[in-house]
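First, one chain by itself: the form predicted alone, in structure tokens.
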Amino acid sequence: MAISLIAAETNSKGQKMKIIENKIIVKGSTLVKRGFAHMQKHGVIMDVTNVEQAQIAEDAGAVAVMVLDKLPYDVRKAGGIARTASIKSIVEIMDAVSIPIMAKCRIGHLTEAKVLESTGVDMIDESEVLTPADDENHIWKWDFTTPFVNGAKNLGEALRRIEEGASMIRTKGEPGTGNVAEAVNHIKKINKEMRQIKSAYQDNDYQELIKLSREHKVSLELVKEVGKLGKLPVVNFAAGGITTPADASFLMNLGCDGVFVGSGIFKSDDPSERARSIVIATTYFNNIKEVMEAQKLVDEKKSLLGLDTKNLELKMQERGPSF
């Protein structure tokens, strides 16, 4: 399948060229960044805090790991305060596993992102799970060679992050709760808004497309691309509260390209079995017999205790700039 290059910034600072044996090698192009994200499709990316968890994730079949100092559940217990993981932990995990390594930086924290890029991580997540550093701006991701993933709870947020250079989008959900409800709400809202754009595009209603581009505060070109494709021009994963194989299958059937999961695995009493079961359910999401077999691998009594997302003191999905 072709990778959309709409909304790419031409001659961005993040694109690097080298000449090796009379051949031009390009790093950090839009094609390379979005292509890397496409390689993760239909897979599970697991939040980890140490080598042991990373090895469990790799053994379970995760396509990548996301390194944090604290899992979202523990961030909640710490009052919402969290910064990027220690470089020592990132390097130890990079040495211990062979799958791609991702890491989170605070929203708007340019220096944290540059430090992570210097460590050689494969993708950076500008994440609301960490304490936002800038209440007005996200990072201008075109200036980086390393691809970025950003969270979104509606289509406008997703498209604005793509215009800033994000190569992957994930639903924000409500991480660390064991409650998948918000992730479901977000993907359904994004899908509904994309159907509205697709309908206007198919009807050649450019006045409506212009109106929608203004409502979402993004370029007309990007809105037209969504209408043409019927989906986002980058990979879109689910995240936030995924705890069981059935959760993963549910979100995949709603149109997600893969899932992020962390607290739901490593705050349960059966992390190895749960990790493997969620990988199976994500891979075979539309085969209910496979999902049932995956569900048999876990015991609900060993699951992360869920939180009511409607009465939380801290809502991570609301953190960071609204624009």
Partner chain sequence: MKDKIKIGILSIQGDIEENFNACKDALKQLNIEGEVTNVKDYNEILDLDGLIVPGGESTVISTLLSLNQANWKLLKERINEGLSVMGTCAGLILLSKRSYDKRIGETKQKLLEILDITVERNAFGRQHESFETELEIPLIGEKPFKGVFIRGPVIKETGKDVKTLAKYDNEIVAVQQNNIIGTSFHPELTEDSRLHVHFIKTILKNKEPKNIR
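C-alpha atoms forming the largest set that superposes within 1.5 Å between two forms make up the rigid core. Positions refer to the first chain, counted from 1. What you are looking at is a predicted structure, and each value in this text was computed from that prediction instead of being measured.
Omitted here: the form predicted together with the partner chain. The next part is about that form.
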property: Contact segment among 259-267, 66-74, 46-54, 33-41, judged by heavy atoms lying within 4.5 Å of the partner chain in the model of the complex; result: 33-41
property: Check all three, Ile24, Arg276 and Thr283, heavy atom within 4.5 Å of the partner chain in the model of the complex; result: yes
property: Position in contact with the partner chain when the complex is considered in the model of the complex, options Ile101, Ile107, Val226, Ile169, heavy atoms within 4.5 Å; result: Ile101
property: Single option in Gln202, Thr111, Asn154, Thr145 placed near the partner chain in the model of the complex, where near means a heavy atom within 4.5 Å; result: Thr145
property: is_contact(Ser29, the partner chain) in the model of the complex, heavy atom dist at most 4.5 Å; result: yes
property: Partner proximity in the model of the complex: Asp122 to the partner chain, non-hydrogen atom cutoff 4.5 Å; result: yes
property: Contact of Leu254 with the partner chain in the model of the complex (heavy atom, 4.5 Å); result: no
property: is_contact(Val291, the partner chain) in the model of the complex, heavy atom dist at most 4.5 Å; result: no
property: Interface residues of 61-94 toward the partner chain, as seen in the model of the complex [heavy atoms, 4.5 Å]; result: Gly61, Ala62, Val63, Val91, Met94
property: Core fit, then Leu305 C-alpha moves 2 Å or more between this form and the one not shown; result: no
property: Exceeds or equals 2 Å, Cα of Asn22 between this form and the one not shown, core fit; result: yes
